[in-house]
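As structure tokens, one chain now follows by itself in the form predicted on its own.
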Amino acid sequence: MGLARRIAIVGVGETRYERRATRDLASLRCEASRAALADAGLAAAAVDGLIVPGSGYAELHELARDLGMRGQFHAASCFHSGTAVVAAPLEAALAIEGGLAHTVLCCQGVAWGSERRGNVGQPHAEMRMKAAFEIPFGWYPQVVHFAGMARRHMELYGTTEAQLGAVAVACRRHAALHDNAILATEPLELDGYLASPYLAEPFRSADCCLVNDGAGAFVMTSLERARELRADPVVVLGVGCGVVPDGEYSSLREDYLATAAVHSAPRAFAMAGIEPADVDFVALYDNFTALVIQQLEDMGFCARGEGGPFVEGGRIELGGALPVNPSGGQLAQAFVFSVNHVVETVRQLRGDAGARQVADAEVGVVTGYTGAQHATLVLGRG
């Protein structure tokens, strides 16, 4: 609780998001990191903490070298993928409060479009438990795996395909207002969504996150120091992390539909001293449309089973009661393990989002998800 309002995000940056980039992942990470440092008005020499989820030992030091960091630095990340990005402010706060660092950079990037050529299921195929107990029964790749969860939600609560489509349409409309969104020029309306073919019923292509290349980054420091820097600080109000007790494998879970947001969101809201009703907009991890609905329920924005009706009627679009993923999210802007969500939330709270600005935004929430793990980050205007 003592970490609330102790640190701030002082700089954000990202590359262009592309289906397939002409540069490698190391170059993308470096570009995004330099952009975040420039936004903060800081030189790389000021950074003494690095969080680069998914990087190996050599990659971490390569980034430090390429940025121009020459001194000793603190490095930490105890979660994975999207959860690690959204939990990074907690790691940074602990390091800063403990005197291990004073300025921490978090960078995340992917090169799935060029390196994997769309074969994003391979990491799951290489997990022994999934290979032995899930893949033989059809839970592979991810689109099939999550389609099963969506179908279960439909059977239990009456969730409809049109409600899944409402999430996809909202994200596409928001992306149309962003000059760095892959699907900015590909409009989508509900009739067109419903007329499109299935990939894995009930999912269509618009229900699934993008496969692309790109990177984003953000810089964190103490709130006291943040007020001395060029950019308006965005304050970390609360961070919560959670893990489902059954672990990574859905075949072992007692509650098939619950994400670890049921654990992370209450912790983050308690640290921030807020309730869901106090939130002006959310940037939810949207690998699939159904997971947006599940998180809205798990985080307390609506009751279990009410997520479908909650997203209807423009409620989650700009100008609605709770705008969701104003950048277009991972469904329509780019899939970068939530780092684009952090960047967008900072810009929204600074009032720098242009045509997609959420009116009078003071509190924004970001989530990260990785199977068994979930993180919730509450950010506020400085």
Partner chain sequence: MSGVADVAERHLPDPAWSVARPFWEGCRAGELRIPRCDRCGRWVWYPAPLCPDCGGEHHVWTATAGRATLFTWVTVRRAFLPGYRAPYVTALVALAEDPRVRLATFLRDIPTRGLRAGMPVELLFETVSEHLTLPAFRCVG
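Residue numbers count along the first chain shown, from 1. These figures come from a predicted structure and were not determined experimentally.
Here the subject shifts to the form predicted in complex with the partner chain, a form of this protein not shown in this document.
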| query | finding |
| --- | --- |
| Complete contact of 132, 155 and 200 with the partner chain in the predicted complex (any heavy atom, 4.5 Å) | yes |
| Options 171 to 179, 184 to 192, 103 to 111, 200 to 208; stretch whose heavy atom lies within 4.5 Å of the partner chain in the predicted complex | 200 to 208 |
| Residue 309 within 4.5 Å of the partner chain in the predicted complex, heavy atoms | no |
| Partner contact for residue 147 in the predicted complex: the partner chain, 4.5 angstroms, heavy atom | yes |
| Contact test in the predicted complex: residue 141 vs the partner chain, heavy atoms, 4.5 Å | yes |
| In the predicted complex, residue 304 touching the partner chain (heavy atom, 4.5 Å) | no |
| Contacting member of 222, 77, 81, 250, with respect to the partner chain in the predicted complex [4.5 Å, heavy atom] | 250 |
| Residue among 136, 98, 245, 273 with a heavy atom within 4.5 Å of the partner chain in the predicted complex | 136 |
| In the predicted complex: members of 202 to 222 within 4.5 Å of the partner chain, any heavy atom | none |
